[in-house]
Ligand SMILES: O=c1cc[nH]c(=O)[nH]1
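Next up: a single chain in structure tokens, the form predicted alone.
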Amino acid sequence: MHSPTSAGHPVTVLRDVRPWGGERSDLHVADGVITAITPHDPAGAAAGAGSTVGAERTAGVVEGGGLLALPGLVNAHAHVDKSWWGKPWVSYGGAGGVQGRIAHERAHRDELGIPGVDVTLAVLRESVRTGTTAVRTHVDVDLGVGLRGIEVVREAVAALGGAVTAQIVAFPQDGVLRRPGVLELLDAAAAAGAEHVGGLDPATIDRDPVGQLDGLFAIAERHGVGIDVHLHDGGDLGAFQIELMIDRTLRAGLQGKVNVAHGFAVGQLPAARQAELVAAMGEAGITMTTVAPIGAAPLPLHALREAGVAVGLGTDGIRDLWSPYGTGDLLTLTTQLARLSGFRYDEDLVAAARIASADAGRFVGRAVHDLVVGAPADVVLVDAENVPDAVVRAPRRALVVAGGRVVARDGEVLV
């Protein structure tokens, strides 16, 4: 068993930082929350001149060195229970496609200790090191592991002592209806405190989109949890399943609690059909998460924003039995999102940074997640001229503060 640790020393003032690239300011913190933001006083800087970023002048007063400050990064779509990060290289040996990867994972996860507290801790620590302070993670729930993966993730998060917070999606990676008993496991996970229940390609995995979605929405209504569905199906088939979700969301009154992950179909539809679907998603309060996949049609981020469809960014799996790729570095992934979206204007690059941070608070249950009074004191400092510069270069994270505690400094995690 792992016992919670103190996640770095507490911060009372984070001095001399530039929130969102603005004026040099001091962030005042109490009980893990930003309580005030005041102009930085250069006259008081002499005593701290030359201090290392992250060093304490006096107890709790931490130097920011004039660096650019962003809110803590939010990984809105992760699978932290699956990773073999920190273990010797594991060569992929499965067949291609979703079904092949599912089978390969089921055959080999036990020999790697997946799910396990130690491997989950390793990937979470790497995420913290690069600035992630909150995660929505899908955790496999199936007939082989039951609810053990959820217990493992909760234990790993607790062991980090507040360096990262997590919301759980009970995820049926091997299907819902095609595996009798999985729907009951999802119901048990929701009853036990999982914040969301997940689904997976209702048409092509279960071959019963109405049945899978009816089952998930019944659980959500019964327990007051959210729904987060992996939807890889493209074109009209994918759009049809989103329309089924829209209809059920409105009938169940679950606006703001239903998410479409991946949603490749939205980027593939003809313009008129796309506009109609996006508008309907906005009216139903349905959100989306993307992992900025290379080769997929990019999501219409501008149209989604205009329709009020919130979008979150996530890493997906990180070096797991599905794929050897991934590092957990969400800022680097923000660079990828911006490039795949064709972003060049400063305002678009800033929007990309917000997708990965402030605007993603809703995906981890936060009403506010920003560099403002009343927000959690989750702050990432980078040596960048401005936010667009930070997005295109993804420089090393000089300091990471989570819940008002220093958890990483100069690329080294402290928890």
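Residues carry their position along the shown sequence, with the first being 1. What you see is a predicted model, and the numbers here were worked out from it, not measured in a lab.
Another form, the form predicted together with the named molecule, is not on view; read the next lines as being about it.
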Exercise: L200 in contact with the named molecule in the model of the complex, heavy atom 4.5 Å: yes
Answer for D228 alone: is it within 4.5 Å of the named molecule in the model of the complex, judged on heavy atom distances? no
Looking at the partner-bound form in the model of the complex, is R129 within 4.5 Å of the named molecule by any heavy atom? no
Considering only heavy atoms, tell me if E195 and the named molecule come within 4.5 Å of each other in the model of the complex. no
Report whether all of T133, F363 and D370 sit within 4.5 Å of the named molecule in the model of the complex, measuring from non-hydrogen atoms. no
Picking from 109-117, 171-179, 143-151, 330-338, which part of the chain touches the named molecule in the model of the complex when contact means heavy atoms within 4.5 Å? 171-179
Please tell me which of R125, H232, K257, R319 lies within 4.5 Å of the named molecule in the model of the complex, judged by heavy atoms. H232
In the model of the complex, which residues of 102-118 put a heavy atom within 4.5 Å of the named molecule? E105
